[in-house]
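First comes one chain, alone, set out as structure tokens in the form predicted alone.
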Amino acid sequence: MTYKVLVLKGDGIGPEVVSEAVQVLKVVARRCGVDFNFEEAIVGGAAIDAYGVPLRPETLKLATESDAVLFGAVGGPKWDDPRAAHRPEQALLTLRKELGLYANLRPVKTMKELASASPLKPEVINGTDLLVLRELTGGLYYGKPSERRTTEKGREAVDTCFYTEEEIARAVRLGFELARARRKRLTLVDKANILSTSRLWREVATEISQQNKDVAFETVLVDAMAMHLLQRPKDFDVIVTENMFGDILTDEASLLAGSMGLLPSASLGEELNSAGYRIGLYEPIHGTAPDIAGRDRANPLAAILSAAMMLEYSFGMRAEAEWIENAVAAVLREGYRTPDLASPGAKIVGCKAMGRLVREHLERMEPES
């Protein structure tokens, strides 16, 4: 079976970390008898420089014809002009919208070997294993109007938070499905004491919970959740929330794992690919880190783990995904770290070396059955 994967490396450290993820997938393909047809295109700031737009129609067409998309990161100071007509981030937002990618899954799992990398106490974070489902196609990031205006009284700006019942319901239903396969607990995060959209989220989620009584259901206000994530992260299993809240909370949750360089993500839609699984876009949650771009200092593990999520969710290869996860864990147990995870006694390596170490473990380990 041949699967078509569109590789969009983007800007900053994106090309470095995605290249290592692709090499890991090639090892899996060779040892497990599958074939990935990788096709590359440029997006984000690199595409603005080359074509004047962050996402060409030709690239979007390639994405719609692919079984999955492996994405790096976009943006950087070079393109950070709020008055610019085109911004790198528009590429990712357009891909999410046009591919119908409505659910962003961000797992956060701590490893005892990395407890010292987190500023939080080991007894607080050890044993954390949660999954945040962030709704992707609605909310402030897409609501209209969204614009700046100049009036007689000065400058003003408006962003609109908008959600429909169906946008909420499909995210919540998927959340219950995921929770059922884990520890059967779902937490809805909202701001229902203030926002009308949050009150709709809570109303719809509560209704759906009545059809899923085998899964424990609770609601938590977003400001309280920001505190709970750092005080008692082990209490949570699947967290479902709207677009902006999920964006902020998952960046905060990177403290639990020790670094953003360890956190992967999957953005899933309802459409099925040629393998019969969900079309998805897979990316590390870290940004472009322009200060270390091109210096072989980036952490490729989040990109590699994103590739593992691709195997699971877009190709049904859960065993192979666990194989990659185990290889990553083995490298970390041996004390190897990229600079973002530096600690006393650690063996500091660069991006390329870390990717090579993961591949070497894959070569030595037997594929999961």
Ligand code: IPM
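This is a predicted model, so every value here is computed, not measured. A residue's number is simply how far along the shown sequence it sits, counting from 1.
What follows is about the form predicted in complex with 3-isopropylmalic acid (IPM), which we do not show.
- Shown alone here, Arg278 lies farther than 4.5 Å from 3-isopropylmalic acid (IPM) in the predicted bound form, counting heavy atoms only.
- Heavy atoms of Leu92 reach within 4.5 Å of 3-isopropylmalic acid (IPM) in the predicted bound form, making it an interface residue.
- At least one heavy atom of Arg96 is located within 4.5 Å of 3-isopropylmalic acid (IPM) in the predicted bound form.
- At a distance threshold of 4.5 angstroms between non-hydrogen atoms, Trp79 is out of contact with 3-isopropylmalic acid (IPM) in the predicted bound form.
- The partner is not drawn, yet in the predicted bound form one stretch among 84-92, 154-162, 223-231, 189-197 has residues with heavy atoms inside 4.5 Å of 3-isopropylmalic acid (IPM): 84-92.
- With the partner removed from view, the residue among Asp296, Glu113, Asp237, Asp247 that has a non-hydrogen atom within 4.5 Å of 3-isopropylmalic acid (IPM) in the predicted bound form turns out to be Asp247.
- Contact with 3-isopropylmalic acid (IPM) in the predicted bound form holds for none of Phe176, Lys184 and Arg202, as no heavy atom of theirs lies within 4.5 Å.
- Residues of 129-149 lying near 3-isopropylmalic acid (IPM) in the predicted bound form, listed in sequence order, are Arg134, Tyr141, the criterion being any heavy atom within 4.5 Å.
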